[in-house]
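One chain is shown next in structure tokens, namely the form predicted on its own.
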Amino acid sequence: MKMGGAMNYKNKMMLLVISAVFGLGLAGQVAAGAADGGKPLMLADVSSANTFNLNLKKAKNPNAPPWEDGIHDTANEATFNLQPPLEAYKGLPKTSFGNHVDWVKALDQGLIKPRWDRLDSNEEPFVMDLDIVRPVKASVPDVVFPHRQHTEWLLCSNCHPAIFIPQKGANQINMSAILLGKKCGVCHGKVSFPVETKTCKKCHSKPKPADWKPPLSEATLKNPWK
């Protein structure tokens, strides 16, 4: 790529790519325009393009006390009266991710009993014991969604119909949407266990059949030369 003369559009774009890959930043990218002796190239506003990565960012201290967690209002004196998580979680089963508590196991063992109604402690939950299996086209295990563990905590209206339409085939779910904080990502990664490599098997839990083969694409099926 010649730098002495004027740069054509292809070389400008190549320099932009090199700048992005090697971290030259905005200055290096604008230089692509300046080197041509003309106006700097207009760059798209991508300031919020990767905000979904916050869903994968691990907290330095997932169980910080309320006055240090960055969530509670330290100007409110009542914040300092709240019990620190590490004290509240004593005796609960552990995990290696999230806030390091296996909440479903704690629920199954009767160690905790979430209040179903904020005002009436005697109100019983409406539990739906139904697993939904979502086949995955890739070679990873299929997804099993357990209604029981969710409905022991939540009303059906927390998810239906705003997040998930309660109808077979009506919901398109993929990891990109989840990482962007949609679908399952509305809760997971925020108030439920996070989306990370350690938690893949919690959802992708049904192995493929022994005779499973990856499905052929529509283009392959229509290809007369195969």
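Residue numbers here begin at 1 and follow the sequence given. We call the rigid core whatever largest set of C-alpha positions still superposes within 1.5 Å between the two forms. All values reported here derive from a predicted model rather than from experimental measurement.
Just so you know, the form predicted together with a small molecule exists too; it's not on screen, but the next bit is about it.
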Query raised in the report: Could you tell me if Asn174 has a non-hydrogen atom within 4.5 Å of the small molecule in the predicted complex?
Result: yes
Requested in this report: Spell out, yes or no, whether the shortest heavy atom distance between Gln109 and the small molecule in the predicted complex is within 4.5 Å.
Outcome: no
Query raised in the report: So in the predicted complex, does Pro135 come within 4.5 Å of the small molecule, heavy atom to heavy atom?
Result: yes
Query raised in the report: Does at least one non-hydrogen atom of Lys206 fall within 4.5 angstroms of the small molecule in the predicted complex?
Result: no
Report task. For His100, decide whether the Cα shift between the shown form and the other one is 2 Å or greater, given a superposition on the rigid core. Result -> no
Query raised in the report: For Phe164, is the C-alpha shift between the shown form and the other one 2 Å or more after core superposition?
Result: no
Query - Rigid core superposition, Pro194 Cα moves 2 angstroms or more between the shown form and the other one - result: no
